[in-house]
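Next up is one chain by itself, shown in structure tokens, the form predicted on its own.
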Amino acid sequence: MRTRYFIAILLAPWLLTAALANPYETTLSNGLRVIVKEDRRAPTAVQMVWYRIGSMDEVDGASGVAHVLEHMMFKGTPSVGAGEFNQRVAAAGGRDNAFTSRDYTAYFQQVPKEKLEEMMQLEADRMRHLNVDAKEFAQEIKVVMEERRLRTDDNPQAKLFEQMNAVAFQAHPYRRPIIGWMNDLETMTAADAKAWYDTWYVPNNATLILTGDIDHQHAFALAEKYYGVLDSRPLPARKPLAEPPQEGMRRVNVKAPAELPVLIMGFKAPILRDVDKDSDPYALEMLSAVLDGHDAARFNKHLVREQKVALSVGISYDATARGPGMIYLHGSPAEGRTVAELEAALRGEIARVQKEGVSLPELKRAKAQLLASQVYKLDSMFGQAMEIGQTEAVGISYRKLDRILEKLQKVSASDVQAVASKYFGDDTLTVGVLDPQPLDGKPRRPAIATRH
């Protein structure tokens, strides 16, 4: 859970389209989009490949396959041995990794600029020629199952969040955990992973993003050289996935060994679909900043320091996603206080905004924090690539990033008060409570609510 803030060249004949300014863009004949952001402040380059495929595209009985395939992508090709990919990145003086979300899967390398071509060759190779070896799969699926045990089964807060989402979403695939249900992992086969790879890992379902001390024309030529030779394939039709309206409060209690109880209150909330026409997602972002955007924000000031009802408390909202949205209030009660008292206190803070609104100084500070976060992101080559990739992967053009920031800056105090009144009713609320059990002498991670 997290609060997230936003902020003419002559082409060779093999390029189909191009942007007129930095970032530069083209689409190869096989459908691969290539976006290049030139930034010459440091002699480094970042390559990211984003596939528009995540856990929301899985089906019941196959949960976790998107994440498992991410692991298998490091197991080699006919020309690159298992584990060699990471070794070559390290030998080049770089770093690499990958991540899977509900909405997308992405792979990246950050290297000295002169090593970019080698990275593009490696990444293009595994886009089409991955080995999904049964023996390697048998080893890696055990790694994923152990990851699930560590990050979810033995993590009380993560277990609570997983169970809560399974209740909050009844039809939409967001109800399934990204890492997958354990039973699905236990029955998954190498053939399942191979089918996922063959279906979705194609250039016409991917976006290549390059940032750093690079020339866009040279980058386009390298993209054509290594990625342009890969064949595209028709993608399966994606049926619309809608969550039925929630018509009453839902509650879930989870018992697990932990030191402290945890409360999560999740309200259904809108997602940014049309950057220019939408307004409520921007106001919800600003409400989040007023309540929990800095140490002096309302939640920390009122509930932790003054009322001492909470040991930790926060609000999390991400306005960009392919699926439906939620805004979460979460925390752990202070010693001697109960979950019920914390829930009442959180409701009280929302009620204050509904009744009294927010002050102009509060709003001004929240906007200043938002602008600062955007500036900090632009200082990083990797951050710039992430910003472009995340927005594109959920269907929003990266060329709208400045417009998003502009719309956020125009949010008024009345806008914030209006969304506080509109989206925090009990009919769309799901409440999750962790009921801590004795630790039974085994080392456990404390169940303190924190952002992920």
Partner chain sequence: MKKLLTATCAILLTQSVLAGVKIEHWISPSGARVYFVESRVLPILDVQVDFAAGSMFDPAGKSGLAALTRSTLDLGAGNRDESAIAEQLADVGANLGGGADTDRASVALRTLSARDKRDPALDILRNVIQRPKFAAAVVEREQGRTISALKDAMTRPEAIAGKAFWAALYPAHPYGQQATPESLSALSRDDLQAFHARYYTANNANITLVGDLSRSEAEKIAESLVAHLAVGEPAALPPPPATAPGATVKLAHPASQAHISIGMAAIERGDPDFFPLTVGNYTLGGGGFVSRLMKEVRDKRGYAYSVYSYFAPLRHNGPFQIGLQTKRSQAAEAIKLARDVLDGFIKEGPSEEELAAAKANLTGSFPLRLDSNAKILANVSLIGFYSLPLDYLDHYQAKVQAVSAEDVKQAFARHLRPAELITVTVAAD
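Just so it is clear, the model here is predicted, and its values are computed rather than measured. Numbering follows the first chain given and starts at 1.
The following text describes the form predicted together with its partner chain, which does not appear among the structures shown.
The candidate site formed by Tyr201, Asn253 and Val416 is entirely out of contact with its partner chain in the predicted bound form, as no residue has a non-hydrogen atom within 4.5 angstroms of it. Within this chain, Arg176 is remote from the site of its partner chain in the predicted bound form, having no heavy atom within 4.5 Å. Looking at Arg128, you'd find every heavy atom of it more than 4.5 angstroms from its partner chain in the predicted bound form. In the predicted bound form, at least one heavy atom of Leu378 sits within 4.5 Å of a heavy atom of its partner chain. Interface membership of Glu335, defined by any non-hydrogen atom within 4.5 Å of its partner chain in the predicted bound form, is confirmed.
Contact annotation: of the candidates Asn97, Gln121, Gln354, Thr189, the single residue with a non-hydrogen atom within 4.5 angstroms of its partner chain in the predicted bound form is Asn97. A heavy atom within 4.5 Å of its partner chain in the predicted bound form is found for one listed residue only; from Lys194, His216, Lys268, His71, this is His71. Residues placing heavy atoms within 4.5 Å of its partner chain in the predicted bound form fall in a single listed stretch, namely 149-157, out of 232-240, 343-351, 316-324, 149-157. Contact residues in stretch 36-54 (any heavy atom within 4.5 Å of its partner chain, taken in the predicted bound form) are Arg41, Ala42, Pro43, Thr44.
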